[in-house]
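Single chain ahead, by itself, as structure tokens, in the form predicted alone.
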Amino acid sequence: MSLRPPFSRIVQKLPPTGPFVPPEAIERKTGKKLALRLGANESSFGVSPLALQAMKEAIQHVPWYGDAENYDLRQALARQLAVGMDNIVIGSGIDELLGLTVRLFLNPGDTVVTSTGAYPTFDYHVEGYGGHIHYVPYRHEKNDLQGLAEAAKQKKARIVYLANPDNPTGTIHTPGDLKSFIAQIPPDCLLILDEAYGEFAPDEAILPMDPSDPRVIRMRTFSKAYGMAGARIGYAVSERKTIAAFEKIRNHFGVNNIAQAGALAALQDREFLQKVVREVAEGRREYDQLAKDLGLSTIPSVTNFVTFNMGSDESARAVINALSERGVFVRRPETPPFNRYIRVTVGTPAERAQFSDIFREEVHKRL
């Protein structure tokens, strides 16, 4: 007789690991501290001084639950985005919001459509709720919008996932391209538009905010440009009935008051945000030049990372292993054709100089 309650059939079929190996696990495995942490697209530029002060003051309220309605933050976001408060839901980062959205719209056995090699946390949630994933290859190192739309029709998909700007490529589609894409999606299919890196892109490159279409839910975060990845806070914008449905399933006290206070203050410090965006743009230019100096190429990026083309899977694997031995944490996508690339976060000037020296040495060894 079994003394262990059985796991669900869905869970029994899942692989034992999550979508990412955290840098802390790398440190535990090697027994060494990382010299450069440039693999998770965290911000090396810290948080706004206003946000830091607000979070310090909020620490005194740690004994309290955070505001379950996230009222002040939703109000501030509504003003900034020119939408209603009831068009916004707050969550503990886009990762949680992806899981909640999959839970809202996906039945076990339903199909979703995404790009091959796109953000794996979305896949993680889909599989965790018993969904099937249909992959569409990238086209010329960008999400294939036509291919995604056609697959959504053919597979009768419940959800299409698109990161724009994209991860892991850093590329972006224009608002005109996105409008045409949305028009082609079946009327009963939801588009998740992940805009985690949107603050780094030019304003004119971002689709204007219009929450009236119930087929689209847009997700943004304070983890990247705002430098608050560890606070775990993000938000989604959509039509009112869609947002209201989150109230049925979300963790109402899942966003702590320190994160809420920091995010609210961060929104008020536009000068700091603009400085980070300028610094990152300069860093992207430096990385592009580094690649040229070494006879390599990069994918043009509008994010806080640059993807280096190492020419082959073998070369990319060798270089990333060598970097890891020297305490440099960067990522290499596992899915072809991007397994020949190395993705590197734009760090501070000092971090970029250190990375450049090490990267040059390791690449020169293999020329």
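Quick note: we count residues from 1 along the sequence shown, nothing fancier. Fair warning: this is a prediction, and the values are worked out from it, not measured in the lab.
One more form of this protein should be noted, the form predicted in complex with a further copy of the same chain, which is absent from this view; the next part is about it.
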### Summary
Answer among 170-178, 143-151, 255-263, 278-286 for heavy atoms within 4.5 Å of a further copy of the same chain in the model of the complex: the stretch 255-263
### Message
Under a 4.5 angstroms heavy atom criterion, identify the one residue in K32, K56, R326, R317 near a further copy of the same chain in the model of the complex.
### Response
K56
### Query
Does E24 reach a further copy of the same chain in the model of the complex if we count a contact as any heavy atom within 4.5 Å?
yes
### Query
Does a further copy of the same chain come within 4.5 Å of any heavy atom of D188 in the model of the complex?
yes
### Message
So, G230 and a further copy of the same chain: in the model of the complex, are they within 4.5 Å at any heavy atom pair?
### Response
yes
### Message
Residue-level question: is D269 within 4.5 Å of a further copy of the same chain in the model of the complex, judged on heavy atoms?
### Response
no
### Residues from 24-51 in contact with a further copy of the same chain (non-hydrogen atom within 4.5 Å) in the model of the complex
E24, A25, R28, R37, A40, E42, S43, G46, V47
